[in-house]
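Listed next as structure tokens: two forms of one protein chain, kept apart as structure 1 and structure 2.
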Structure 1
């Protein structure tokens, strides 16, 4: 009995040492990521919170403490609320289009019998790895008054006069959304392909034997199975769209007349541009922090909704 107990204790001690060794290696491999996160994410966030409490241009060595003054001023700033609303409007327009287009592409390219599907996947993913600023500059020429899009529409007699895609406040945001869908749908297509790969091939074969076509198989078999991963993709898409900056800055700079102004361009203009007069780094930091809190709250709500949706689908 004693020998057996001693052997059990030895095995338990060995397993404990092995577990500690594995944990140590995990922390060692994570250490570089944590260091980079603290230096390039954590520290700037802390500094932004500090700057948001200051009346500071960022150009002087001293700053006046403003407390919550910047936040109170933001509440009465119509340009801030315009950018705030435009950010959510952009998200509400982009996310459904992004999810639907990328899902359709993924479902089509998930067919093993499709020839050249790897080439098509690469073609749809190429815009993702293209710099947003380059895309924006090219699209300015494509959707310009004398660009090929207007030329084609006039040649086909669809329009009589050139359309001001980027200089008409009523359609400029929709144009930016359409270009963003084209540029980023490859990313979400890959996510959907990962979800579709988890659907057993036996289900497709069983559906084919029962006489179901591709559309019926998708809506009645595939879609219910990929709803959980669809919730994750929707959250990622929503969070990324709320952080939009580069494509808007390059194409419209928030114009015309702030029609496409989003929080990213608003913060940039306040912190680094002389367009509004003297830069106000403290005020811009307050705007970023306030919007960041809003995004965090939305993320929490979306995660709760996703969890409830997953629990219902399991039932």
Structure 2
């Protein structure tokens, strides 16, 4: 009896030791990720909050504590609100366009028997892998007054005068949205294709037997089935759109007259650019924090909304 008790004790002791070593190894395996996470994401987030309370150019070691001064100034800064609203305008315009265009492409390409679908997929995906900043620069010319788009429209006599796609404040943001849809469409097409591959082929055949055409099949059978993954795609798209920087910075620099200025370009201008005089790291950080919080809150709200919708559709 006693011997047995001793045995189980040594077994449990060994198990404990094993668990201990597994824990140790796991943390060792996590360590590299953790170090890079802490140095380049965790610490910067906390730092940003600290900076946002300072009046600091970043060039000197001394910084004055400003309390909530930066935040108060931001709330009264019409350029900040302009950028803030533009970020949301951009997102609200882009997400629906992007979801519809990419879904149409995905639905056409979601056909195993279609010849050359890999070639088409490659074509539509090409802009995704291209550097956004380079796309932005090239597009300045393509949509420029003497660029090919205007040349084509003029040759076809659709317009008489060249359209100022990027230098007319009233349409520049729409041009940027349109180019962004083109640029990232491939990613969302792949997301949709992943969702569509989950729809059983039998359903298409059953619908065909019942005499439904492709459009009817889509709206009555496929669409309801891919709404859940559509929610995920919409959230990803919204979050990515709110973060936009590269293409705006290179294509319009936020102009003309701040018409396409988004939070990314606003923060950059305050922190790193000399056009506004001394850099203001504290002020820029406050703007970044305020915006970061907004994005996180929106992310949470969208996630809750998605969960609610999904549970509703299950009932």
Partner chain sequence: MKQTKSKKTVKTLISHAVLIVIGVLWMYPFLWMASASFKTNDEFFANRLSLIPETFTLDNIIRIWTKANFSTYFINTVIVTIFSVIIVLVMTITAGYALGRYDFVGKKVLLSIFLASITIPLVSTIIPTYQVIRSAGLVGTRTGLILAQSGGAHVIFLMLFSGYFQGIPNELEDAAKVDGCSFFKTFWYIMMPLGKPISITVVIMQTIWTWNAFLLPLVLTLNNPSSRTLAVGLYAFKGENTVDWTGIAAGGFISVIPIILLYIFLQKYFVDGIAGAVKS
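Positions refer to the first chain, counted from 1. From a predicted model like this one, the values you see are computed outputs, not experimental measurements. Between two forms, the rigid core is defined as the largest C-alpha subset superposing within 1.5 Å.
Between the two copies of this chain, it is structure 2 that is the form predicted in complex with its partner chain.
Comparing the rigid parts between structure 1 and structure 2, the hinge point among 46, 21, 96, 163 is 46; every other option is more than 12 positions away from any hinge. Domain rotation between structure 1 and structure 2, with the chain taken as two rigid parts and C-alpha atoms superposed, amounts to 14 degrees for the smaller part. Taking the core as the fixed frame between structure 1 and structure 2, we note the C-alpha of residue 35 moving 3.2 angstrom. When the core is overlaid, the C-alpha of residue 17 ends up 9.5 Å from its other position between structure 1 and structure 2.
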